[in-house]
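A single chain, nothing else alongside it, follows as C-alpha cells in the form predicted alone.
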C-alpha cells in the first residue's frame, strides 16, 4: 500500500514535472551525448543508479550531516557513485566508455542529482527518497532516449548502430539509392531543437503547464 500511496513520486517526473522539459535541468547531457541512442540509454542507466542510490544514502545520513558541509558530503556521495559507474563501463563496455568519456564524470555536477539531494533526500525517509530518485531519473531517461532515437535515426539512418533506413546512399548516374544521412541532426543544436519540440507537444497537450 505504501508504494501506491507514493506512486506519484515516480509518475509526476515522467510527465507534468519532468526534470528536463519542465524543470529545465540536465540539458547539457541531452545536448552532448544524444547523437547515439546507445549512449543515451547508457547515460540514463548511469543516472538512474547514481540518483536512486545517492538519494537513499543522503536520506540515511540526513540527521548526522552538519548543515555547513552538506554540499561537500553530497558531492562526495555522488562522486563515489560516478566512479563506480565509470569503472564498470571501462570493465564491460570500454569503447562506449571512451565515447561518453568526460560526460560520465559530469554526472557529478548534474543539476537533477544535486537538486534532488538538496530538495528531497535531506527532508524525507529512504523509501520516499528512493522512489523520488527513480522517478526523476526515469523522467530524465525518457527525454534522453526520445532525443537519441530521433537524432540517430534521422542523422545516421541507424538505431543502436544497425541500419534502419537503408544503406548509405549510392549514386548511379542520375539515380540515387538508399538513405542520405542528415548530418545536421548529429549537431548539438538539433538536440536543443528536439527538446524544444517535445516541450511544445507536452505543453500543447496539457495547457495547465503554460504559465499565465
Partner chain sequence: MEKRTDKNSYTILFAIIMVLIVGSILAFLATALKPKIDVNKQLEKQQNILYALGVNDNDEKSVAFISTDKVAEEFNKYIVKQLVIQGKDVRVDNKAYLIDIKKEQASAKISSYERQLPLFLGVKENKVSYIVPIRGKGLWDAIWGYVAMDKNMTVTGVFFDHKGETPGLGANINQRFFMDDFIGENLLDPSGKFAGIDISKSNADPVNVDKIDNEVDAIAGATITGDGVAAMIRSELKVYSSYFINLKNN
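Think of the rigid core as the biggest set of C-alphas that the two forms share within 1.5 Å after superposition. Positions refer to the first chain, counted from 1. All of these numbers come straight from a predicted model, not from anything done at the bench.
Quick note: we don't show the form predicted in complex with the partner chain, though the next part is all about it.
- prompt: Would 69, 91 and 102 all count as contacting the partner chain in the predicted complex, using a 4.5 Å heavy atom cut-off?
  reply: The answer is yes: all three residues contact the partner (heavy atom, 4.5 Å cut-off).
message: At 4.5 Å between heavy atoms, is residue 146 in contact with the partner chain in the predicted complex?
response: No.
message: Using a 4.5 angstroms cut-off on non-hydrogen atoms, would residue 33 count as touching the partner chain in the predicted complex?
response: Residue-level check for residue 33: yes, a contact with the partner chain.
message: Given that the partner chain is not shown alongside this chain, does residue 80 nevertheless sit within 4.5 Å of it in the predicted complex, heavy atom to heavy atom?
response: Result yes; residue 80 sits at the interface with the partner chain in the predicted complex.
message: in the predicted complex, does residue 134 come within 4.5 Å of the partner chain, counting heavy atoms only?
response: Flag for residue 134 set to no.
field: Contact stretch among 120 to 128, 107 to 115, 81 to 89, 138 to 146 - heavy atom within 4.5 Å of the partner chain in the predicted complex
entry: Result for this chain: 81 to 89.
Contact assignment for the partner chain in the predicted complex, among 41, 61, 48, 159, heavy atom within 4.5 Å: Exactly one residue meets the criterion: 61.
query: Rigid core fitted, then: does residue 96 show a CA shift of 2 angstroms or greater between this form and the one not shown?
result: After core superposition, the displacement of the residue 96 C-alpha between this form and the one not shown reaches the 2 Å mark, so yes.
task: Just say closer or farther for the C-alpha distance from residue 145 to residue 96 in the predicted complex, relative to the shown form; it changes by 3 Å or more.
output: Their C-alpha distance grows by at least 3 Å in the predicted complex.
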